[in-house]
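One chain comes next, on its own, written as structure tokens: the form predicted alone.
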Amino acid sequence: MRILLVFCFALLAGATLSAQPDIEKKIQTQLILAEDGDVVTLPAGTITLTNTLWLDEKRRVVVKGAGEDKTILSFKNQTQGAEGFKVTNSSEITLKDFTIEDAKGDIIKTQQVSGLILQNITARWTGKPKKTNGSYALYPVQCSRVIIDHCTAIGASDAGIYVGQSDSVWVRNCIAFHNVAGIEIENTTNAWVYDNQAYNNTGGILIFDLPDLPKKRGGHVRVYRNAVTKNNFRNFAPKGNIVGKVPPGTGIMVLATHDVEIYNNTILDNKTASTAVISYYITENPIKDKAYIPYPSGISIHDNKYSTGKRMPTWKNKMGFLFWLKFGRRVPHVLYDGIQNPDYLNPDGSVRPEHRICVRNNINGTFANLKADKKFKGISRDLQPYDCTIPQ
């Protein structure tokens, strides 16, 4: 009897393996034929896929697995396409309740989607984090009304959760670790990033505006109630990526964007820069985009909790080594490069209220103006000029 059972299980296993191409074809056919309001159900089990799954020009479609621990889409043997799952030119799309892993490029990419929900999804590269992993685990770009909720991102060589050139975005209740950037909001307007955990990345949360992109200006970003801890992982970004300049040990970094409020976060044990506010000039990359504004403005950092004790800035990054030379193991938690846009100044040299950098009411919130425009000479720790609030 036992031998018969073993034989039967072996037959079932063989049938599952041989049926993989049929499952892949069935899923993609469902995506192609999906009509308004349809639910595409992904079966339980590990499904090996060789080609990108693609949903294009659809409305009100839900793609639903049996659960993150039950439905696993594996692209380890992918031979065609770059992304794992791609959604384009669509509206009111929900992807939920599955794990997706090891795509050649980005794991889930959505472009030109209005009304997007990514919920209860684990997107990961298995094995050790490495530069040959894809850039982004969850990657909405040029989208609007985006909700990323209760998702996990692991192993991205750029950003685990990345939202680019989008508008009206909520990233909440997510976990990001072993990425170069845990969560990145780039050239995106009206974003709320809250109740997330970003740990063991190179940088925890990045809010960037970059040049040479179709959408020129981001801003109006709120970052609150996040746990941003021990983001000291090595930087494994491929050479030339802008995030390759982020020093290991970065908690939150704001680069060249405006109207950002960072508050009620727990920012602990990030060894190089707990919170940094910098201009694009710090990257030392040339700026060819004449419409680009390389300065941060209207930044408010308040009521956050920082760690106590000594930290050791990285020596494997130019910025980190500079911090060590200037501060040793006492790097201030809030760092501002001090490079100001002349257009933001009043005739008396003061900064207009809406463009100020404000830092106040932070627990253990030591501060330094790095005076980068003066070759880091005369660094000031005086917080008084930055004890302010930003007009709403």
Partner chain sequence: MLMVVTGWQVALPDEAAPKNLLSEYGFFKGPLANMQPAEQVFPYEVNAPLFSDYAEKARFIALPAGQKMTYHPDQAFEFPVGAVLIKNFYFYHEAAHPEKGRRILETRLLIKEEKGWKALEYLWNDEQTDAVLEVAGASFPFQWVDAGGKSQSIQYIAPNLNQCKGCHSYDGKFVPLGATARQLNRAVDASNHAENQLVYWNKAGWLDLPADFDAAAAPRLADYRHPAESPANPAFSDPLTASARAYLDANCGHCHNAHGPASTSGMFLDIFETNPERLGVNKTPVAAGRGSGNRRFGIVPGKPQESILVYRMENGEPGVRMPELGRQLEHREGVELIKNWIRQMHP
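Residue numbers count along the first chain shown, from 1. Bear in mind that the values here come from a model prediction, so they are computed numbers and not experimental data.
The same protein also exists as the form predicted together with its partner chain; that form is not shown, yet it is the one meant from here on.
Screening D36, D69, E57, D343 for any heavy atom within 4.5 Å of its partner chain in the model of the complex leaves a single hit, E57. Checking T266, N241, T189, Q119 for any heavy atom within 4.5 Å of its partner chain in the model of the complex turns up a single hit: N241. In the model of the complex, its partner chain lies within 4.5 Å of some heavy atom of T29. Using a 4.5 angstroms threshold between heavy atoms, K86 counts as touching its partner chain in the model of the complex. Within 4.5 Å of any heavy atom of its partner chain in the model of the complex lies no heavy atom of H302. At a distance threshold of 4.5 angstroms between non-hydrogen atoms, T126 is out of contact with its partner chain in the model of the complex. In plain terms, the part of the chain that comes close to its partner chain in the model of the complex, with a heavy atom within 4.5 Å, is 78-86 out of 78-86, 146-154, 221-229, 257-265. Using a 4.5 Å heavy atom cutoff, G105, Q111 and Q165 all lie near its partner chain in the model of the complex. Using a 4.5 Å cut-off on any heavy atom, none of the residues of 313-343 reaches its partner chain in the model of the complex.
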